[in-house]
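Here's a solo chain for you in structure tokens, the form predicted alone.
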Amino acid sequence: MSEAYDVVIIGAGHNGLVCAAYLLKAGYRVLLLEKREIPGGAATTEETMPQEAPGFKFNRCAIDHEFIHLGPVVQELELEKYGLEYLFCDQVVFCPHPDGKYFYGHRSLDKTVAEIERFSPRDAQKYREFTEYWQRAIGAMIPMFNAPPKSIIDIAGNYDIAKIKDLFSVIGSPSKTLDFVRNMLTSAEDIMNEWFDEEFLKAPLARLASELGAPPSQKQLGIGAIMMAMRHDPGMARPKGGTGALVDALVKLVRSLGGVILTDQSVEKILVDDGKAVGVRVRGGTEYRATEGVISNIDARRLFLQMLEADEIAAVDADLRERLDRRIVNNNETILKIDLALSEPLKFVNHEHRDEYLIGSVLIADSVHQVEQAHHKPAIGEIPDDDPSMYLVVPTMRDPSMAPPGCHTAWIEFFAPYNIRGREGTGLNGTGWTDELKNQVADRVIDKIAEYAPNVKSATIARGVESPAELGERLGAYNGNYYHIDMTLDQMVFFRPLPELANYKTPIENLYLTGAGTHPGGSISGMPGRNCARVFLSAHQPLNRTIAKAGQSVKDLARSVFGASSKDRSHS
């Protein structure tokens, strides 16, 4: 039997680490158990080809960070003190079009509008209006992202004057409200067609919207239209040294506060005593006890169906097991990941090449139809590699520290099915994926890039390819879904992952959820970790929390009546 802790967190991904940091600051003894040899989950940066490409560092999954800048995690946890440095991109996206046109997006809205105006003055003006609308919508939604979805008081408390103005600008009248609701219920494709004429603009916007993991035609995913708007404000950034630098900072913080992180610890069983979670058992039989709670950074489906006994679940909710098994939807779409070690940057020779194109993301999105096929085919088990669409980043153009001097890396995301139709029962974990097949698909992806940047093949020093099956196995993600469950409207906010689990609590006492499968969803944000910690602290320290909030209200009242102190004025 190992030492008991107050809280045991399953998984040391970035949300688990964020959650741990807040609990440690509140005085709890916290243990994190990570199944891999290093912490970080989907947010690691690793030297994956040390023999073929020594000194080249690759982001294994997440790369471009926008959502984390919509919340207070970095500032509240003072992560800069632990080595985190964000590098913002002034150029945020480049998408070459087959006819010689291109979409070149900057963090500056004015510069982006000027680029679009070269090819379509009408679409340039509409793009400004489009972006300003969605930025107001983002401002209205930020308070909801940064609070538990059922905590109305917390949500209301996150609104300041600016966000209230944003809220009323999008739902301030019945007609505005209905229009906003319609935008949420419709598809990204319908929204793009409503606003724009030109394919060179609609295709990359549809490609970014589809980063939520579904075809641009899918209803209930109109919210994907915010993806480009966020690149203007708050902006798109990457941690210096790669996404793993965020994890490194969190690990340093957690350990400085007395937190314990154990790797190579695969949790197999939640220990339940009289309806209450009291610890976990890992592979090999070691048990870790938790006196106050167990928090799962893995998805609810795996947690309940694989780590709890059926009778333990039935004792608290007779229907929960079946609802988790049948109601949570994953559409079979995940990614095939390609990493390239390059001797030189890519050159888009037919599109007025500028090295600045490579600062942000490069999208290969020739048409909305091509993007549609890139997401529709995986859902039905087909590999969309006859005309590949992809998301490409050369992170070393902004951060040269990730490769030897003069060299570069390329990060390529290609959507693909987890289970391949017609190859059932073969390949890794019966998915149909083999080393031979994944490399055949990667060859076709590289051929497509070469149509735009012919030097990609001659510049490649080494290549690494991870199939969807391998990615799912590495992350422990059900069907390889790095968002845990799909990000459609019916599985968001109050419904994520299920209505009865949406506020991070579960029916089993002292068992909590965090991670991508909880509100507000996947991506690098830290919001699920922070929100879960707030729910945990509210449940375990309700009196202290009430007193603290009351004390803050008295201070706020005093400040409004008597004005700021001289000390406060010196910092304003």
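Note that residue numbering begins at 1 and tracks the sequence as displayed. Just so it is clear, the model here is predicted, and its values are computed rather than measured.
In what follows, reference is made to the form predicted together with a small molecule, a form of this protein that is not presented.
S.K.: Run the contact test on Gly105, Ile359 and Ala410 with a 4.5 Å heavy atom cut-off to the small molecule in the model of the complex and return yes or no.
M.R.: Contact check failed for every one of Gly105, Ile359 and Ala410.
S.K.: Looking at heavy atoms inside 4.5 Å, which stretch does the small molecule contact in the model of the complex, given the options 48 to 56, 520 to 528, 500 to 508, 533 to 541?
M.R.: Single hit among the candidates: 520 to 528.
S.K.: Taking 4.5 Å between heavy atoms as the contact cutoff, choose which of Pro454, Gly157, Gly476, Gly172 touches the small molecule in the model of the complex.
M.R.: It is Gly476.
S.K.: Within 4.5 Å of the small molecule in the model of the complex, heavy atoms considered, which of Thr434, Thr177, Asn350, Ser266?
M.R.: Residue within 4.5 Å of the partner: Ser266.
S.K.: Taking 4.5 angstroms as the cut-off for heavy atoms, does Ile63 touch the small molecule in the model of the complex?
M.R.: Residue-level check for Ile63: yes, a contact with the small molecule.
S.K.: I'd like to know if Met307 sits close to the small molecule in the model of the complex, meaning any non-hydrogen atom pair within 4.5 angstroms.
M.R.: Judged by the heavy-atom cut-off of 4.5 Å, Met307 is in contact with the small molecule in the model of the complex.
S.K.: At the 4.5 Å heavy atom threshold, is Phe196 in contact with the small molecule in the model of the complex?
M.R.: No, Phe196 is distant from the partner.
S.K.: So in the model of the complex, does any heavy atom of Lys202 sit within 4.5 Å of the small molecule?
M.R.: Result no; Lys202 lies far from the small molecule in the model of the complex.
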